[in-house]
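Below you'll find only one chain, the form predicted on its own, shown as structure tokens.
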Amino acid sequence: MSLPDRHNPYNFDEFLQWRKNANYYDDDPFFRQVLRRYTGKDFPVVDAEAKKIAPKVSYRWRDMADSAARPEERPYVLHYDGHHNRIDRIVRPVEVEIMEREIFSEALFARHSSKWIRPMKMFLIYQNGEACISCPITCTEGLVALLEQHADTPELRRILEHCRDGIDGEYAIGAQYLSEIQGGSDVPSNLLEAVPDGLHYRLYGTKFFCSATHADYAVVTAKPTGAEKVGLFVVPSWLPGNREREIRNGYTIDRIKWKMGTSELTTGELTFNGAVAYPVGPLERGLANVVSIVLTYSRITVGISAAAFMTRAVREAKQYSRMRSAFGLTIANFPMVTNQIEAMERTARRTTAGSFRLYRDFLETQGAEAGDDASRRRKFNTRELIMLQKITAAYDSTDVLRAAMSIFGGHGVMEDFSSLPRLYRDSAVNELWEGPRNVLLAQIHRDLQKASSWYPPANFVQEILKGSDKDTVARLAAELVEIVSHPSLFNPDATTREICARWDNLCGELTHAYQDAAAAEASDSIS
């Protein structure tokens, strides 16, 4: 029973005080278990590094990300200076520029540190959402990996040094410009032309989705003059000596896109008119290198970032439910709320464990000889799991964030009440980047069909779900065998539509089974 009180004393101070002091690492014993399980002998150094970076991520960078997300801080492009010189300057909040410098100064791509420090830091950093940080980190990671294999000229070696090791204390940022208006994810349909010019090329044409437009260098796909196959190039945003003068390298930023999510990140439409570009690797292998190196790292990151988004959302929703009362009870005591939070937490945990287990599998296949059958199967498993995880984790993340917001009631959609609406929008965008759902579903189906002569689909399920419940493995294997035997997912008939629906569902089940096994492994770790 309550009586009128014109001086309503209710406030959210208890929850706000908890949120202000929540440490993304110290307060997450499950994540520590995941690291302990999958980093192996590297755990002590990874744990120490996590404890060092956690206060910066949890407090300073969290507040900067929140501040930069205000609508009035949305970045824009300034096309001309006061003297009518074309400059195409990306104007961003000062908080973003400071945070970016500090995060890249963590030397995420340095050769001397454990390979596990990077994904650990990324998982913690991504709990603050995109914040014009996540995409640049991912793009730079792909650029570094690409150049570590193919930097065979002085220009490319210097770009690699600038991104990986820093030059004079400055760490460069990478971007990826792949999509064009006519093709989207259909990169082979690119029309951007690369014209030979001595030892380098010059690019002519347009790109339609260019994220991290403020970056120092971009990986760009284009077709050499007269060629049908897509080549791969690295394009500096400015040629030496021109950055200070704000003279772009032969391209214009035509506009910044107005996106639903990742709003702090500039995604632009560009026109190239003679931009100097350095070829990377054999030009006829451009598309293969994009997929096997650049997009592989990006898709792995989608899994890690989805896990990070969910982890923060569940942590805050769970704590809020313990403090918020309604109808005479703390809402955490309502059975429906209990069920919802348990389901969200289960999804967040299995996605976290699955992403780090997959990262371990990925590291183990890097540089491994592909000669024997076992190694060939491991590489194939990892490739397909990366795409399966990308599809499933991104989809689950949006579901979990929407459910977490509902725990807050009407406050859940208030932009100034919490960061969850921003993370929700970022998560929805994550579903589309690096290959939308349908593109990857079709690709996985084709891959399994092509491999079936040397790697039967049932064996694939048995390998990736080794140690899982036998009945579950048998059921999923039988379903996969039947679906892969269907000749094409593009036949416009009722049977194919049914197969497509089953295939969509099966891919989620396969990924969840893999993630559940990873979560069980992590839970068995000693706290």
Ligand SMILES: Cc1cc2nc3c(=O)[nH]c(=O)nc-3n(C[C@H](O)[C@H](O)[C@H](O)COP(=O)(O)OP(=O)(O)OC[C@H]3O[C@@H](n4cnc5c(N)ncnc54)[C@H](O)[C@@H]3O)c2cc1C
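Small disclaimer: the values here were computed from a predicted structure and weren't measured. The first residue of the sequence shown is number 1, and the count goes up from there.
Absent from the display: the form predicted together with this ligand. The rest refers to it.
K.L.:
Give me the residue from 301, 176, 127, 389 that has a heavy atom within 4.5 Å of this ligand in the predicted complex.
P.N.:
Contact residue from the list: 176.
K.L.:
Go through 114, 330, 438, 340 and name the one with a heavy atom inside 4.5 Å of this ligand in the predicted complex.
P.N.:
Only one option qualifies, and that one is 438.
K.L.:
I'd like to check something about residue 433: if you look in the predicted complex, is any of its heavy atoms closer than or equal to 4.5 Å to a heavy atom of this ligand?
P.N.:
Answer yes; at least one heavy atom of residue 433 falls within 4.5 Å of this ligand in the predicted complex.
K.L.:
Whether residue 122 contacts this ligand in the predicted complex should be assessed with a 4.5 Å heavy atom distance threshold; does it?
P.N.:
Residue 122: no, not in contact with this ligand in the predicted complex.
K.L.:
Do residue 274 and this ligand share at least one heavy atom pair within 4.5 Å in the predicted complex?
P.N.:
Outside the cut-off, so no.
K.L.:
Is residue 262 close enough to touch this ligand in the predicted complex, meaning at least one heavy atom pair within 4.5 Å?
P.N.:
Yes - in the predicted complex, heavy atoms of residue 262 and this ligand come within 4.5 Å of each other.
K.L.:
Given a 4.5 Å cut-off on heavy atoms, tell me which of 177-185, 157-165, 452-460, 352-360 is the interface stretch with this ligand in the predicted complex.
P.N.:
Of the options given, it is 177-185.
K.L.:
Quick one: which residues from 195-228 get a non-hydrogen atom within 4.5 Å of this ligand in the predicted complex?
P.N.:
Read in sequence order, the residues that approach this ligand (within 4.5 Å, in the predicted complex) are 209, 210, 211.
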